[in-house]
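Take a look at this one chain, the form predicted alone, written out in structure tokens.
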Amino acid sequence: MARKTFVLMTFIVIAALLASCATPTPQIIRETVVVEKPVEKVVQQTVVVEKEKVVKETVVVKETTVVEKEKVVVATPVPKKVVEFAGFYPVDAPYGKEFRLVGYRLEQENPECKFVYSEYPGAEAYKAVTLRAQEGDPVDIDAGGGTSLAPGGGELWKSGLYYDLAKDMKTPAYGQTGGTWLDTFNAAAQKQMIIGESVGSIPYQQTQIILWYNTDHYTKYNLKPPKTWDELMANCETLKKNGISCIGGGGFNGYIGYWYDMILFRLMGNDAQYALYNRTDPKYKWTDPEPVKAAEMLVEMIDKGYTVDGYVGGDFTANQVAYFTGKATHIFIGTWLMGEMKDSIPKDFKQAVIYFPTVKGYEDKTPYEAAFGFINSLGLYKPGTKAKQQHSTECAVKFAKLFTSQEVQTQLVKALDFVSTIKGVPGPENIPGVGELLSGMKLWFPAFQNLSYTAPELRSKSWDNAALLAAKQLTPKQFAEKMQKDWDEFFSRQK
């Protein structure tokens, strides 16, 4: 017998594609439904042949029919939370590219966050970003302005536009389950970040002014890295006897100023020196014994012939070349040195870095593990009242944690040759030992030796006076008197 099968197929088709992210996107879900349907089949069977009579029997058989249905479910999309990063580097510059890569990783690991890199290069960048915040539509992350973002250190923080990170800093860092985010930053960074109970910035890169030395010279003349001023001067005497200048650098009055400032730091300590530079305590005067002694020590170093030709009044680039060509053994300058002089550095040149030495009898004023410099920081703005997009402080904090993780900072150091503020991150390969040096730092202060908090006018006067001192146009006592006069005159004009 032939079996005929009747299969019922039902299709419901809805075809609608909505391409806008703001329009609900249909999702089609296929369902398989099993339906049992009685189907009457006639089966002819010969049961009995009796007297040539055929008896036919009808049999009812149940068959299962499979029907596929399509159900349309409309899902409401979740709006992305924007993290707008104000980059002060062109979008395709090395820094711009690396920062954007971190942003894209944020998106992958946090699908609810959307990273936006807004390019703000040029001299007016800070003003443009600040103006946006003042108008109620701030970016989420400001990529620069280190000192101005530190609580109490600048007008931007005092404006009340920045988000206080104190609570976030008590939580674990990226990829960690214990400890605090704050503890992952070195002493330099923490000095920049904190005042009182507030945390106003997230330092990620530092430029340190440190003492560099030629290790081949130290090996050849059996010298040991100095920890005190007397040890450094003893090394200088040995080098002088062998026809090598001990101290390079100089030329630019600011570099001579670095030497004076650091000597004074070792004699006074950070707090007293800050009070002197910023007139926060009138009991400190430039004519006090410590400022005069610092001037005497600088002049003595020059008078003994320990400095390279051109240290006073010469070209500072030529001074740096003298160091890399073995004419001078030491140079006290920032970590930017390697970038500036990369085309002039012999391939076989060997060097190392150490802290500026302490002064015998004044070791209690500062720990040996102390340095000063500049720091670049991230600052997080508070949400704006007139924001054109839905911004997210939560996503901004996630970006900052990822950005300052050991893993990402190590990658950035390799790609950009900068010095990280995160403990355990190695320094650039072209500055041997700087990562370990700064990880062990116990005290840091902003360049220019507490001058960063003073007016530019005073900074210029300090540098110019130091250059006059080094050129012997001022005696140490006259230098101190002129500094006091300049400070008195400036502060007399302040309210």
Partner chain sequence: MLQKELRKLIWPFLVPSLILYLVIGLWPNIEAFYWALTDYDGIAPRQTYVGLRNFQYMMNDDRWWGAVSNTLYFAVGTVFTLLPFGLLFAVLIMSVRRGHGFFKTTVYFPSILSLVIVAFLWVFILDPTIGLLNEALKALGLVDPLKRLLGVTALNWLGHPKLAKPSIIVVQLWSALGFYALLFMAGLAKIPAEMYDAAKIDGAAGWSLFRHVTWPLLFPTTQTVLLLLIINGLQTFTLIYALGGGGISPLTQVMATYIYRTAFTDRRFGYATALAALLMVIVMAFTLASRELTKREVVQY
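This structure is a prediction, so every number in the text was calculated from the model and none was measured. Residue numbers count along the first chain shown, from 1.
There is another form of the same protein, the form predicted in complex with its partner chain; it is not shown, and what comes next is about it.
So if I measure heavy atom distances to its partner chain in the model of the complex, which of the stretches 195-203, 400-408, 100-108, 128-136 falls within 4.5 Å? Within 4.5 Å of the partner lies stretch 128-136.
Is it the case that 316, 471 and 493 all touch its partner chain in the model of the complex, with a non-hydrogen atom of each within 4.5 angstroms? Spot residues vs its partner chain: full contact, yes.
Which one, 272, 223, 113, 321, lies within 4.5 Å of its partner chain in the model of the complex by heavy atoms? Here the answer is residue option 321.
Position in contact with its partner chain when the complex is considered in the model of the complex, options 252, 336, 362, 284, heavy atoms within 4.5 Å: Here the answer is residue option 252.
Quick check on residue 481: any heavy atom within 4.5 Å of its partner chain in the model of the complex? Contact with its partner chain, no.
Does residue 467 reach its partner chain in the model of the complex, with heavy atoms at most 4.5 Å apart? Yes - in the model of the complex, heavy atoms of residue 467 and its partner chain come within 4.5 Å of each other.
Can you work out whether residue 327 and its partner chain are in contact in the model of the complex, taking contact to mean some heavy atom pair no more than 4.5 Å apart? Flag for residue 327 set to yes.
Answer yes if any heavy atom of residue 357 is within 4.5 Å of a heavy atom of its partner chain in the model of the complex; otherwise answer no. Contact check for residue 357: no, nothing within 4.5 Å of its partner chain in the model of the complex.
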